Structure formats: C-alpha cells, structure tokens
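Listed next as structure tokens is one chain, alone, in the form predicted on its own.
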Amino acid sequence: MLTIGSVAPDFELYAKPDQKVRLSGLRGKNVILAFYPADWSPVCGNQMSLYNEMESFFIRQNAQLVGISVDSRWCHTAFAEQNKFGFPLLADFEPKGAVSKVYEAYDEGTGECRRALYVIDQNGVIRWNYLSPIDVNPGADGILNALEQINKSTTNDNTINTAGK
C-alpha cells in the first residue's frame, strides 16, 4: 500500500455513465477511498451498505466516501441505484485497474481490486490505510479513528495559528 504521509496520486474515473470524479476536485474535504472486489458480491454489498449507513458520520468529519472497483460505470449505476447509495462508486474499468494498481490495491491473479482503504486529508495527503482480507468486511472503526485524528490535528493547528496572532 502507498505510504502514510505521501501525497495521494490524482486520478479521474467515471462515477456515472456521463459523469467523472477527479480526486483533486475533492480537495478541502477528507476523502475515504474504499477499494473493493466487485459489485453484487455479498461481502462487498455488506461493506458498501455499512458505509452508506455511516455517511452522516463521515459528513460530520468533513469526509467524502468514494467506492472503487474494476466494474463498469453501468454496473456501478445499477448497484448504487438498487442499494440507494448516497456516495459515488467509481469505475476503474478501462484501462482495467489502472488506478487500483497505482494505489497498490489491484490483484493481478483475480483481476479485481483488493479490499483496501485509504483516508486522505484535506490537502491530499494519505493519513491512514488498511488492507483487509478479501472475505472480511473491514467495518468503519479504522476510518472513523483516522478522521478523528485528522480533525484533532487540524483543530490543534488552528489553535496554534490563532494563538500566535
């Protein structure tokens, strides 16, 4: 996985058949990248549904969740609509797995994403990552802890900055 403290590589992927999302376009927010193997698989469905339920907690931490797999934008659209997801699912479809490979979240053997999580701060710096076993839903505790740490350090930085004025 990419090193904590390094700048997250920028990318642009389809979120819907006619809409793309660029990581750098989310600057100013913390970003959760949730790489997962496949739409419609039981563990992936459970993981993404959990994150959908957690969305209000993520928003309170100034965070945008983004799911990424090698499924097509059409497959993502159907999966998101069926499950009423309120966050974008990005299609790392063509060239297959290009972004996942950059983030060291691609499994060459299966041709799918690994179940990998990254939390990126408002400035585009990787602050936390986790690689889960493929058959295990990693939950949200690690994400929430990372977001709390980011917000604590931001609050401390603002306190230090205003104290010096």
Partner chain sequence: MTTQLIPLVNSNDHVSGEGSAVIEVVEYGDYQCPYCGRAYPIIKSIQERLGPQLRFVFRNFPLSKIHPHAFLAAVATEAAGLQDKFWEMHDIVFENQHSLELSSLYQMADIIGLDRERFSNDIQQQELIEKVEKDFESGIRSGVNGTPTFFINGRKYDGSWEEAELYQYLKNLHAKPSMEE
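Quick caveat, the model's predicted, so the values are computed rather than measured. Positions refer to the first chain, counted from 1.
There is another form of this protein, the form predicted together with its partner chain, and it is not shown here; the text below is about that form.
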Task: Proximity of E148 to its partner chain in the predicted complex, heavy atoms at 4.5 Å - done: yes
Open item on the list: I'd like to know whether G124 contacts its partner chain in the predicted complex, with contact meaning heavy atoms within 4.5 angstroms.
Closed with: no
Task: 4.5 Å heavy atom contact, E53 to its partner chain in the predicted complex - done: yes
Open item on the list: Contact with its partner chain in the predicted complex for P9, defined as at least one heavy atom pair within 4.5 Å: yes or no?
Closed with: no
- [ ] Could you tell me which stretch in 107 to 115, 136 to 144, 30 to 38, 94 to 102 has residues with non-hydrogen atoms within 4.5 Å of its partner chain in the predicted complex?
- [x] 136 to 144
TODO: Heavy atoms within 4.5 Å of its partner chain in the predicted complex is the criterion; list the residues of 65 to 85 that meet it.
DONE: N83, K84
